[in-house]
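Shown next as structure tokens: one chain only, the form predicted alone.
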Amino acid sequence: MDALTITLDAVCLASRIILENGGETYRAEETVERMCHGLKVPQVDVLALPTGLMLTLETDEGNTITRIVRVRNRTINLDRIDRCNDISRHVAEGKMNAEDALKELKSIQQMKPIGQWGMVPASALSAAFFTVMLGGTWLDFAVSFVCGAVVQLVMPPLSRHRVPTLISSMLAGAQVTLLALLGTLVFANVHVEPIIAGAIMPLLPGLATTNAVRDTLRGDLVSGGARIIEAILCAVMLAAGIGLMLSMWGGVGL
């Protein structure tokens, strides 16, 4: 591959890692621009969206190369973003060439996320302590702990089978509510409201909302609007799952 193609591969992979792991669209664009500046690319035009990236590079000889990158899978992994930022800074400062940067970025992309058995206790403790913060008792803490753990066990298989995010959100809300209501059958003094509220807190699209606001304030209206709509729909579907399960529970008279 020639130098321009390697440069294009490196900057595209860097921006893709940012977009796929919860980074803002403006951060993906700035990463491309700064890396290209450090690699002595005279002209670069980039447009990043939550679901894709369009990029054109131009050399001193007038040669141009364009690429469109589709971003299909999005998650949250701030460790990958941090490592990608370190590499982009080294490239921008002239401390790393495109070929070395591409190798490092490929290693970042192949990093294994935190294992499921590490996420289960983290999600369970997060849900449980949110329940206490919202006025729940220590008995509610225990029930919410179970809710958070079970949800974290169920969500990864849904993601692996490519279940749409909105459907997953509705199923998660229904599952949390069902477990909380079952807790009332086992323990007499369980409070359903703080358990449900605490257990759904880790599921709320807080980072997506923050990114939407930041993109909008920086003038990226398309990206900001798309992200805020996605966040609102996720929250609505989560609430729909809760409401559906409460209605079904009341309908059977339990």
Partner chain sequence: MSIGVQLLACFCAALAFSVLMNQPRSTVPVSALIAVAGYGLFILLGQGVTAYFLATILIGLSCEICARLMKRTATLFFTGAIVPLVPGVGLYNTMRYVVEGQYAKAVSTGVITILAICGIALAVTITSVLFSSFTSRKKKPC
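Just so you know, these numbers come straight off a predicted model, no measurement behind them. Positions refer to the first chain, counted from 1.
FYI, the form predicted in complex with the partner chain isn't displayed, but the following is about it.
Here the chain stands by itself, but in the predicted complex one stretch of 219 to 227, 186 to 194, 66 to 74, 51 to 59, 186 to 194, has heavy atoms within 4.5 Å of the partner chain.
With the partner omitted from this view, the residue of Gln175, Asn97, Ser168, Asn85 that lies near the partner chain in the predicted complex is Asn85 [heavy atom within 4.5 Å].
Contact here is defined as any heavy atom lying within 4.5 Å of the partner chain in the predicted complex, and by that definition not a single one of Ala14, Lys103 and Val146 is a contact residue. Contact annotation: Met155 falls outside 4.5 Å of the partner chain in the predicted complex, judged by heavy atom distances. None of the heavy atoms of Gln43 is located within 4.5 Å of the partner chain in the predicted complex. Taking the partner from the other structure, the partner chain in the predicted complex has a heavy atom within 4.5 Å of a heavy atom of Gly135. Within 4.5 Å of any heavy atom of the partner chain in the predicted complex lies no heavy atom of Leu47. Shown here without the partner chain, the chain has Met119, Ala122, Ser123, Leu125, Ser126, Phe129, Phe130, Val132, Met133, Leu134, Gly135 in 118 to 135 lying with a heavy atom within 4.5 Å of that partner in the predicted complex.
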